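Take a look at this single chain, the form predicted alone, given in structure tokens.
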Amino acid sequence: MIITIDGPAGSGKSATAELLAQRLNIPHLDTGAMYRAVALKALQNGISEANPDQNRIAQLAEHIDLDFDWSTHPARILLDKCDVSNDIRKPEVTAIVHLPADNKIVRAELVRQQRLIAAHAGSLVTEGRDQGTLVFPDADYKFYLDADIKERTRRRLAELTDKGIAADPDALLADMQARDQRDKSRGVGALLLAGDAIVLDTTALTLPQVVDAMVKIIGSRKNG
């Protein structure tokens, strides 16, 4: 059983996918973390917004040592055998994650890895931007989460604060607006709404309420 959750940044995809996976007792795949790990690897190799060497980023992605530790909740992401779960959320990584995300070679490699992970796991809750449209078009259940941009910004600020990362709210809002525009207009892996996806507006919903709604939908279809 493959369950995809797509949506814009800050819509609650990661937290929802993690809790839903726990409720269903299946793994959770955070595909955004994979692109962030490539961005972190790029930073470690001297690549930046001022030096956007896309050929080098592609080479790094094709040889990257990337893995998930499913024994923890949420799963830890390992880059070169090191836990980078917090490092990939830092603003400097966020600032350049669009570089690997826009790279066709990187996307092809990570999509390949995502499908292999799903094939090995059998059942999976996977979330990102193109999971229900590109990576798993035949997924058993497809959800699309959305929320008001101010609420999404508030959530991202709270997430960073919890991790001890300082951030300016106004700068975060501007970044969120710019990211929305980039994500919807990308030449590859653009944020799109799958025709058969179920849309959930999470603006006024708590995390448990969102997951309850998903579990109810999944249960009704199984029993239908």
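For every residue, the number given is its place in the sequence shown, counted from 1. As the structure is a prediction and not an experimental result, all values here were calculated from the model. Rigid core: the largest C-alpha set superposing within 1.5 Å between the two forms.
Just so you know, the form predicted in complex with ligand DC exists too; it's not on screen, but the next bit is about it.
Site annotation in the model of the complex: the residue of A139, A101, L145, L124 reaching within 4.5 Å of ligand DC with a heavy atom is A101.
Residue-level contacts in the model of the complex: of K90, R107, R76, R154, one residue has a heavy atom within 4.5 Å of ligand DC, and it is R107.
Annotation: in the model of the complex, residues A21, H28 and R115 none come within 4.5 Å of ligand DC through any heavy atom. Note that among 29 to 37, 57 to 65, 192 to 200, 160 to 168, the stretch whose heavy atoms approach ligand DC to within 4.5 Å in the model of the complex is 29 to 37. Within 4.5 Å of any heavy atom of ligand DC in the model of the complex lies no heavy atom of V84.
Using a 4.5 angstroms threshold between heavy atoms, D183 counts as touching ligand DC in the model of the complex.
Mapping the unseen interface onto this chain, V97 counts among the residues with a heavy atom inside 4.5 Å of ligand DC in the model of the complex. Residues are counted as partner-facing when one of their heavy atoms sits within 4.5 Å of ligand DC in the model of the complex; in 111 to 139 these are G128, R129, D130, Q131, in sequence order.
Relative to the superposed rigid core, the position of the CA of R56 differs between this form and the one not shown by less than 2 Å.
Core-superposed comparison between this form and the one not shown: the CA of K163 exceeds or equals a 2 Å shift.
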